[in-house]
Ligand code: ATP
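Below sits a lone chain in structure tokens, taken as the form predicted alone.
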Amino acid sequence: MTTTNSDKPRVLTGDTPTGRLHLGHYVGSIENRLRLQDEYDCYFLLANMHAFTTRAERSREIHQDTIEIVKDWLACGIDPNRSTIVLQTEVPAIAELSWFFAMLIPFNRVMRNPTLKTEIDSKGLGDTYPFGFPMYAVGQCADILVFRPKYVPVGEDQVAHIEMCREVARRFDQVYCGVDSHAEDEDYEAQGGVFPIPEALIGRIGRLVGTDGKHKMSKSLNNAVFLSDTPKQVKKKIGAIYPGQSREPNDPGDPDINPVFTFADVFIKDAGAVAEMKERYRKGDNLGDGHVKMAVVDAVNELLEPIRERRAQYEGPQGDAAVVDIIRAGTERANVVAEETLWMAKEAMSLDFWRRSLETK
């Protein structure tokens, strides 16, 4: 079995399986992961436990979404021989650390997490969310710290979660390992801390606007271009974007308020060509919105075509089975690290009665 290189600095990130991945995921995190897997010991987490916070009654759907996300990862170029793909529900150390961490962070601090508050509002949960919903914010700290990573690649909207994770790591190391509260973050391990203080890595694009031209790209808002969309679907979705202004092709326009140009900046490789289109657009130099949209469609399809081809290899029951085998192998490797971390934490907490081993059947 191929194993990751533990001499490299470790990276942890992942996704909650809520459906297929889209362009926002790609530019916000996935392309960063592709680069990092050559330089770091990468762990990519399938946070399927967190999916139950809002979809507990749809467990079968979560099961399949978990497989579909891995297909997207593999299609994008995540290599299970260079990176470790981890299934959250099969790493028991995560649940145990979540319980311990919950004792170190006040409930009011959890509820002040701006990302959590935004999710409650955007999903229309009101006061009906389960107790497990705020608990997942603590669980995300365990997701990360159980692998003791140096970096956590995330989108801009997840930075608040990472900051809470950093607070939990500091608190644990101070309470149970005697680390000085005035220590610099980079010195916590050297002073005997179990957990390093991880740093967030923001992707090239912190927030990609959706095809509605207003909100962040999201499946739930029905404004996403998925990585598995066909060329025809891409053309239809990009073509439907409102340019933010009413104009004729020869009228001056403002590219700065046109979301189509946001896509052009992100996906068209030739920056000079984009700059020229913007200049012509400002002058009303016979450049219509349709022309810009088609340039974006071509660029997006150029990006997605090899992804579609690789994803096709995993379609059908045999593809699902192959994906499960990949997840199982990665999770076995991940549990070695997670159990080591849990034992280090239990030793620090005077809970070191005996060690255990895990077996995957």
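Residue positions are given as counts along the sequence shown, with the first one as 1. Bear in mind that the values here come from a model prediction, so they are computed numbers and not experimental data.
One more form of this protein, predicted in complex with adenosine-5'-triphosphate, exists but is not displayed; see below.
(Q) With a cut-off of 4.5 Å between heavy atoms, is residue 92 one of the residues that contacts adenosine-5'-triphosphate in the predicted bound form? (A) No.
Q.
So, residue 330 and adenosine-5'-triphosphate: in the predicted bound form, are they within 4.5 Å at any heavy atom pair?
A. Looking in the predicted bound form, residue contacts with adenosine-5'-triphosphate do not include residue 330, since no heavy atom lies within 4.5 Å.
Q: Answer for residue 218 alone: is it within 4.5 Å of adenosine-5'-triphosphate in the predicted bound form, judged on heavy atom distances?
A: The answer is yes: residue 218 has a heavy atom within 4.5 Å of adenosine-5'-triphosphate.
Q. So in the predicted bound form, does residue 119 come within 4.5 Å of adenosine-5'-triphosphate, heavy atom to heavy atom?
A. It does: once adenosine-5'-triphosphate is placed as it appears in the predicted bound form, residue 119 has a heavy atom within 4.5 Å of it.
Q: Choose from 83-91, 119-127, 186-194, 100-108 the stretch whose residues reach within 4.5 Å of adenosine-5'-triphosphate in the predicted bound form, heavy atoms counted.
A: In short, 119-127.
Q: Have a look at 282, 291, 112, 207 for me and say which one sits with a heavy atom within 4.5 Å of adenosine-5'-triphosphate in the predicted bound form.
A: Only one option qualifies, and that one is 207.
Q) Which listed residue (174, 158, 228, 262) meets the criterion of a heavy atom within 4.5 Å of adenosine-5'-triphosphate in the predicted bound form? A) Selected residue: 158.
Q | in the predicted bound form, residues of 10-32 near adenosine-5'-triphosphate [heavy atom within 4.5 Å] | A | Residues within 4.5 Å: 14, 15, 16, 18, 22, 24, 25, 28, 29.
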